[in-house]
Structure formats: C-alpha cells, structure tokens
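Form predicted alone, single chain, as structure tokens, below.
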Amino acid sequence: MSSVSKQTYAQRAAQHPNPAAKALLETIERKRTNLSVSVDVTKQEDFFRIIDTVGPYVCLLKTHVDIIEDFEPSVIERLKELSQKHDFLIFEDRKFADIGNTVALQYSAGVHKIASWSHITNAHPVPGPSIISGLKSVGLPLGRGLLLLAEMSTKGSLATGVYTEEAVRMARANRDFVIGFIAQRRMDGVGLREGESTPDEDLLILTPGVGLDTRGDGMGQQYRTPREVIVESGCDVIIVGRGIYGKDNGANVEAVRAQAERYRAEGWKAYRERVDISD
C-alpha cells in the first residue's frame, strides 16, 4: 500500500494542489464520509427526493443530468442549493470522449453548462492528451477537477493494461487539473517506464461497483464491498447507486436514509482500518 493511502484525508487535503480535490478531501474529513451516491433517475421529483435524503451522508453527489427527462435550468439552481444545504460536492459523470475543442464546448456551453456548477467531472482518455487540454482550458480557471477513466467496473471492460498505463501518464502530466481516476485500485507506480522512480503524488481513486447485498446486476456490473475497495485496493471514495435507493427510485425515504447511513458507516470504518485509527 502506498504512503498516500496511509495518510488521513485531512493530511492529504492540507497539501493537495487542486482546489476541487482539496475541497473534496476536506469535506470527507469534516463529514466523516467517503460515500458518493450516483443518482441515476429520469424524473426531477425522484432526483431531488433522493438527493435531499442522502445529502447528509455523502461527500460527493454524482449526477447524469442528461438523463433527466423533465430537465430545465432550475434543476441546476436547486442542485446547487442542496449542495450548500447538505455540504457536498457535485460530480457530473459526463465521461467526455472527444477532441479538445469539442469537449471544451460540451463542458462550458449547451443546455447544461457543466463547468459552471460541477466541481468535478470525468473523461475517457481515448482521444489522447488533447481531451485534457480542452477541458482544462475551461475548468482550471474555475478551480474544477478532472478524473480520468482508468478502469471500469463492468465485466469485459477494455480499460486495462496499456490503456490504463497511458491514462496514468496523461494524469501525471496534468497534475494541476487531473485529480485522479475512476478505477478499481490505486494507480501508484502504474505506467512508470524503466528507470523512472515512483513520483510523490496524490491521485484520488473513486470507485463504482460497490455493494453490500449483491455481487452483480445482470447487466455486466460487478460489485465489491466497501472494505474490499477501501482497505484491500486502497481506493478513496466509494460510489453507490441502486444499492441505496433501490428499484423504486427512492420512494421509501426512510429505507434510503438507512441504506445511506449503512454505506457511510461501512466506508468510514474501512478507511479507519486502512490508516490505523483505533480511537
């Protein structure tokens, strides 16, 4: 396990160069939660009910605003209000995957204007370094952070081997804006060429595919427990969706609240074990 993964979130926040990463680490420490909930529903009513319910238990709220069928600009304003009310950051899971000029426009303009409200977003490294340059030109002046998809939790994912190594190299070359990865394990030492030493880096790992009650969803998703993700793989944030709000889109508010606290507690317990906090 790397030296970074043995540090507390507070220690890492104190020295992280990116404002979005620093804010996320500070929020995790302040709220004692490394849980992110992915709210993948298509109606405003369900979207905001889930967010208002899980808000107290999360450090980061993950959205896919382009699937909201009744989207209107007021959705963003209300999302920002809930971010302030419950003290969490926003991660729009846009997965940009185009040339630099195009992603810069997708990030800054259009219906959603993602850069204006999302603290963190992500991108596929497939197009090469130009995708980072394009997004950075918009996000860096706003203090935003970018995650690269180095690995995915779906069965048969092609994001492995050399692909993952190149993603890590691209991140290292853009440490002012790239804050880490969507991945299944720590990336320390990955992508180093012969003769290169392990750099002193803090690249965050946010990990989807986390579940306490099932190992898969029948559509290729594979689940691991918070302990497997945080302790055994050294990741930093667990991302949970349907495991918290269920198939009824969070209609049972008390059940959603209970599940959110359950995952928050398990994730925090795993973190304390990893950094050896016993009190």
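Fair warning: this is a prediction, and the values are worked out from it, not measured in the lab. From 1 onward, residues are counted along the sequence shown.
Not on display, but discussed next: the form predicted together with ligand BMP.
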- Clash verdict for ligand BMP in the model of the complex, overlaid onto the shown chain (3 or more atoms within 2.4 angstroms of backbone or C-beta): open
- Message: Test of understanding: in the model of the complex, would Glu232 fall inside 4.5 Å of ligand BMP by heavy atoms?
- Response: no
- Query: Does any heavy atom of Ile182 come within 4.5 Å of a heavy atom of ligand BMP in the model of the complex?
  - Reply: yes
- Task: Tell me, yes or no, whether Asp52 is in contact with ligand BMP in the model of the complex, where a contact means a heavy atom of each within 4.5 Å.
- Result: no
- Task: Report whether the minimum heavy atom distance between Val240 and ligand BMP in the model of the complex is within 4.5 Å.
- Result: yes
- Message: So if I measure heavy atom distances to ligand BMP in the model of the complex, which of the stretches 34-42, 224-232, 249-257, 53-61 falls within 4.5 Å?
- Response: 34-42
- Message: Exactly one residue in Val190, Val103, Ile90, Met152 has a non-hydrogen atom within 4.5 Å of ligand BMP in the model of the complex; which is it?
- Response: Met152
- Query: Lys113, Arg169, His86, Lys95: which sits within 4.5 Å of ligand BMP in the model of the complex by any heavy atom?
  - Reply: Lys95
- Query: Is any part of 126-140 within 4.5 angstroms of ligand BMP in the model of the complex by a non-hydrogen atom, and which residues would that be?
  - Reply: none
